[in-house]
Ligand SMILES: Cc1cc2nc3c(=O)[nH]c(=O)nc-3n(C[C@H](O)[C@H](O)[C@H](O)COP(=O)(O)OP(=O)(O)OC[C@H]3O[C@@H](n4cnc5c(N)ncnc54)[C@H](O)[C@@H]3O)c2cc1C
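A single chain comes next, written as structure tokens; it is the form predicted alone.
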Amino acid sequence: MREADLVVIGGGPAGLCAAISASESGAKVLVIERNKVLGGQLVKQTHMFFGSEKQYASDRGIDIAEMLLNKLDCFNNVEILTETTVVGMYEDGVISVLHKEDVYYKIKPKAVVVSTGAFEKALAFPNNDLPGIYGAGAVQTLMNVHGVKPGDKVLMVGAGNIGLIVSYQLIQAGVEVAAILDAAPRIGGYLVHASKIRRMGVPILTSYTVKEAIGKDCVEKAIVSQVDEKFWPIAGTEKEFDVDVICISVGLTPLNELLSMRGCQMKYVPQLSGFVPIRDENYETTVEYVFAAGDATGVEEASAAMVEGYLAGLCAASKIGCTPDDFDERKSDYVKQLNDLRSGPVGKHILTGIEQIVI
């Protein structure tokens, strides 16, 4: 059994910032990440961020990841375990981990920050298991991490920010985007992203969805159709696209099974995209010494996840006795940053959800 002060589960935007904040407060931090590298979604993001200077506005996700890692390197009280998966959180506070698929051991931390992120939603239609059908995250990984084109001609399903941004990245990589679909009657992403895509000649079809994928060994065609206000297909509105890739970008769901396993009280909140943990103003869950931040607590932009991580790391460190002299000042600043990020229409939608889980 290994002991630890503060364990951060997940090395994405929220986890990295939680580790930085807690380390600055004087806590000894152990970061556990299942992938080979830290950064989470940031290492796939080549677009520039919005927000303020504190949220790295005008910097690209891949550069932000490097900046955060450089900050972590400045501390000698941080240990990082990569290629390590947390497979269990138990009622006695013990965490079980699996390292590189063959080394299993247990850790007993004083406190935990769970920042496991989110996973992509799927879309059901005939032949949706054909090779050539990817989630947007997989397409970003292929292109932006490994430098591999997923195909030559893509149909993007989903006109939220991720769908629009990945479409632009595909075009930058020399891949043709035949069209972007969205079952909703309006585009869900920011107008600035949609306008950029339209200027490049890509049609965006709202109130449309995939009816069927066609192909023998891989995707060869996609049949799409218009939908009514109840999202039922409208006969006679079918369109056919000759594509070798269908990219699904229909949203994310919080990845928080570990929190449920630990016994944290959960609640289904549509505005936050699924089941999320009940938390107090310090981001501590209903289980003492267990904190949560980022998309695991409700899907939002990476900018908000980073600020939540800073806040959760600060409060978790304080919980185990590492309270910095400027605790109140730092906490107030993080809260203000979050309020500023959530000041628009989308943010107000998020706040409506958060109001349902704060105790």
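Numbering starts at 1 and follows the sequence shown. Fair warning: this is a prediction, and the values are worked out from it, not measured in the lab.
What follows is about the form predicted together with the ligand, which we do not show.
Just one listed stretch, out of 122-130, 209-217, 174-182, 82-90, contacts the ligand in the model of the complex at the 4.5 Å heavy atom level, and that stretch is 82-90. Residues 15, 166 and 305 are all found to lie within 4.5 Å of the ligand in the model of the complex, as judged by heavy atom distances. For the residues 29, 32, 65, 315, the 4.5 Å heavy atom test against the ligand in the model of the complex is passed only by 32. Of the listed positions (111, 162, 248, 259), a single one reaches within 4.5 angstroms of the ligand by any non-hydrogen atom in the model of the complex, namely 162. Shown alone here, residue 285 lies farther than 4.5 Å from the ligand in the model of the complex, counting heavy atoms only. Contact annotation for residue 20: none of its heavy atoms lies within 4.5 Å of the ligand in the model of the complex. Proximity of residue 117 to the ligand in the model of the complex falls within the 4.5 Å heavy atom cutoff.
When contacts are judged by a 4.5 Å heavy atom cut-off, residue 54 does not count as touching the ligand in the model of the complex. Taking the ligand as positioned in the model of the complex, the only residue of 237-257 that brings a heavy atom within 4.5 Å of it is 255.
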